[in-house]
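As a starting point, one isolated chain is supplied in structure tokens, in the form predicted on its own.
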Amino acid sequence: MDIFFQQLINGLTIGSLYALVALGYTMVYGVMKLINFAHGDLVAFSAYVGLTIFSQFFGANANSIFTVITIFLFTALIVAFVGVVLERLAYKPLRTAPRLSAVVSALGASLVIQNSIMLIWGPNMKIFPSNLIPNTTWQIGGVILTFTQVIILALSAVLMVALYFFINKTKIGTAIRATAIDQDAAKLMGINVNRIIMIIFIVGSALGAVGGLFIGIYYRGLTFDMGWLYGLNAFIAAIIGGIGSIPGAMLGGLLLGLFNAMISGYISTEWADTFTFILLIIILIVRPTGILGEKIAEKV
């Protein structure tokens, strides 16, 4: 049972990361009906930005709570700004164009960000410092729980709950849901659709930045093309949960993380991706809209 509980903790941790990134995919799709293929690369970009802020301004031994909050805050602001610029340059000019044009633009934007990371930070792997968050561990029976996992689980839960209330209990959230249902009707009701789309990219990119920083802290190894791998898994999580659904993205991320952890623990890490795609195919056959897609897709 120790293996089961260890993989349960590992799976919830990884699933929280997937869920944070998947929210960016699902929010953009919910409002614009666009798959933002560049979102995964923004996640990778955020890990590099966080690493640079840490190494340039705080030094190798600074691991205070002030340092951590500052790095997360500035990284989220920078990546949110880049997300808005991305929307204005790559997607806004194509809003009335055929959907395929926006998809091609998203793929192009993904390559631009990925190659920009390679040019700025180089093609070789960068190692995220291990001392940004204290290396404290607890052993409960045969199960090991790290302080990093506790931080990831706690902060991810807080952000997901905050996002849920932001979308469902605030005036801006109501405008976002109205825009997701019908942009033309939202305009007639006085909603500034351009502003709503900008807010979507700010929130989605900031959440992706938090996810990217956590990925850097948790796995430590950063490569310029890592956004493709983590972005793909988060995209699959969004589809499993029901793309366009915020609760679906959260649920899909957690389920995919648990599934991957159990496959890695009981079968093999090398087979995790294969079984992930098998799970995706089964869910799409049984429920093409995802687990919560049919219920929430029009309410983002």
Partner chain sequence: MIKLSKLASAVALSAIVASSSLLADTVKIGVQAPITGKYANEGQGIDQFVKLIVNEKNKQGGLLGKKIEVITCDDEAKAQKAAVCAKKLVNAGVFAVIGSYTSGATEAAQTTYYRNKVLQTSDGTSDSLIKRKFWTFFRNSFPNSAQSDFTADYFVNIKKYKKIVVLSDYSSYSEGLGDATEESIKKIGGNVIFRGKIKSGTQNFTAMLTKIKSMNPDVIYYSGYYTDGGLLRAQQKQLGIDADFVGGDSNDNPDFLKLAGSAAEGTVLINFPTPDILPYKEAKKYLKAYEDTYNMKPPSIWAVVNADGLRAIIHGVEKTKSFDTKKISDYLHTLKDFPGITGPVTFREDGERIGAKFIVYEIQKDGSYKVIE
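Numbering follows the first chain given and starts at 1. Because the structure is a prediction, the values reported are computed rather than measured. Take the two forms, find the largest set of C-alpha atoms that superpose within 1.5 Å, and that set is the rigid core.
Note that the form predicted together with the partner chain isn't included here; everything after this is about it.
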Query raised in the report: Any idea which of 158 to 166, 89 to 97, 221 to 229, 174 to 182 reaches within 4.5 Å of the partner chain in the predicted complex, heavy atoms considered?
Result: 221 to 229
Requested in this report: Consider the chain as shown here, without its partner, and state which of 194, 101, 146, 115 has a heavy atom within 4.5 Å of the partner chain in the predicted complex.
Outcome: 146
Requested in this report: Decide whether residue 51 counts as a contact residue for the partner chain in the predicted complex under a heavy atom distance cut-off of 4.5 Å.
Outcome: no
Query raised in the report: Any chance residue 170 has a heavy atom within 4.5 Å of the partner chain in the predicted complex?
Result: no
Query raised in the report: At the 4.5 Å heavy atom threshold, is residue 14 in contact with the partner chain in the predicted complex?
Result: yes
Query - Contact test in the predicted complex: residue 269 vs the partner chain, heavy atoms, 4.5 Å - result: yes
Query - 70, 77 and 245 all contacting the partner chain in the predicted complex, non-hydrogen atom within 4.5 Å - result: no
**Report entry** Within 4.5 Å of the partner chain in the predicted complex: residues from 111 to 125 (heavy atom criterion)
**Finding:** 123, 124, 125
**Report entry** Rigid core superposition, residue 267 Cα moves 2 angstroms or more between this form and the one not shown
**Finding:** yes
